[in-house]
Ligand SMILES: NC(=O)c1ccc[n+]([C@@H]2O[C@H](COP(=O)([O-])OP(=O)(O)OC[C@H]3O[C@@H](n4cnc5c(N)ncnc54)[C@H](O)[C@@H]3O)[C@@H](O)[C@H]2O)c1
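Next up is one chain by itself, shown in structure tokens, the form predicted alone.
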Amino acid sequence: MGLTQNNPLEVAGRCYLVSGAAGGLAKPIVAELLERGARLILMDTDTDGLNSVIAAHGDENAIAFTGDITDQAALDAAVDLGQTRFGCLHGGLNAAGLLPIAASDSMDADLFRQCIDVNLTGAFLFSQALAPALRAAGGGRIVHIASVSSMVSNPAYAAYAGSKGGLAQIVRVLGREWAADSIAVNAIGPALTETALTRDYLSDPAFRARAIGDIPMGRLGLPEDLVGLALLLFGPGGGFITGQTIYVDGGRTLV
């Protein structure tokens, strides 16, 4: 059926694993996917946060799973849960992440490693865990949350920008490597967005002013800004898009 006869954003009946599901960037995407009839395994290290997301929707199509994206066994268990409860998985959204901001000459090496482990290695492990299930389903979609820092450089962002730049390149490699299996791998790159992850930094008036000043549209990102693109990448309309990091950034990457 062609797109003229089909909704390009249709996700009803599709099943997805969502990591970082209790975080601010994931919540509006999760809400919209559930509203449109998708079925979700919601994964996070924050059990209380997951329970709050489930309670907010009261939806039997959302199942909470406490686990860490850097733990291969936990990822495999989450994939198995999705296949057991829903019959198969059609894709995944990776919204887990850390944002350490620190001067490069004094940044703690362990914090640097932790950022790479979660934002980059975790993203790879998430993709790797999903791939066999998506092949069994005849294909699927993997969407990672990257960042404008995949492209632009900001002082004191060495760990974060390094992880997100690496993520953009992993997306390109996996997109090419898995295209023959009809597995599309993409990323969304938001501008700085006010969430629990960024709120402490943005409470500094000078930091906030600089961040807004770097965005040509003159405002911070909103989590809701990502919803439309996420639906496209998961829906029929995104079927021929792979290996891309698409920026939803108010022009930040133009500066």
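Keep in mind it's a predicted model, so treat the numbers as computed, not measured. Numbers follow the displayed sequence, beginning with 1.
Below, we turn to the form predicted in complex with this ligand, even though it does not appear here.
- Using a 4.5 Å cutoff between non-hydrogen atoms, Gly97 counts as a contact of this ligand in the model of the complex.
- At the 4.5 Å threshold, heavy atoms of Val152 stay clear of this ligand in the model of the complex, well away from it.
- When this ligand is considered in the model of the complex, Ala22 lines it closely, a heavy atom lying within 4.5 Å.
- Although the partner is absent here, Arg141 is not a contact residue: none of its heavy atoms lies within 4.5 angstroms of this ligand in the model of the complex.
- A heavy atom within 4.5 Å of this ligand in the model of the complex is found for exactly one of Ala187, Ala38, Ile69, Ile29: Ile69.
- Ala146 is the sole member of Leu130, Val171, Ala146, Ala78 with a non-hydrogen atom within 4.5 Å of this ligand in the model of the complex.
- Stretch 197-205 is the answer when you ask which of 197-205, 30-38, 211-219, 55-63 has residues with heavy atoms within 4.5 Å of this ligand in the model of the complex.
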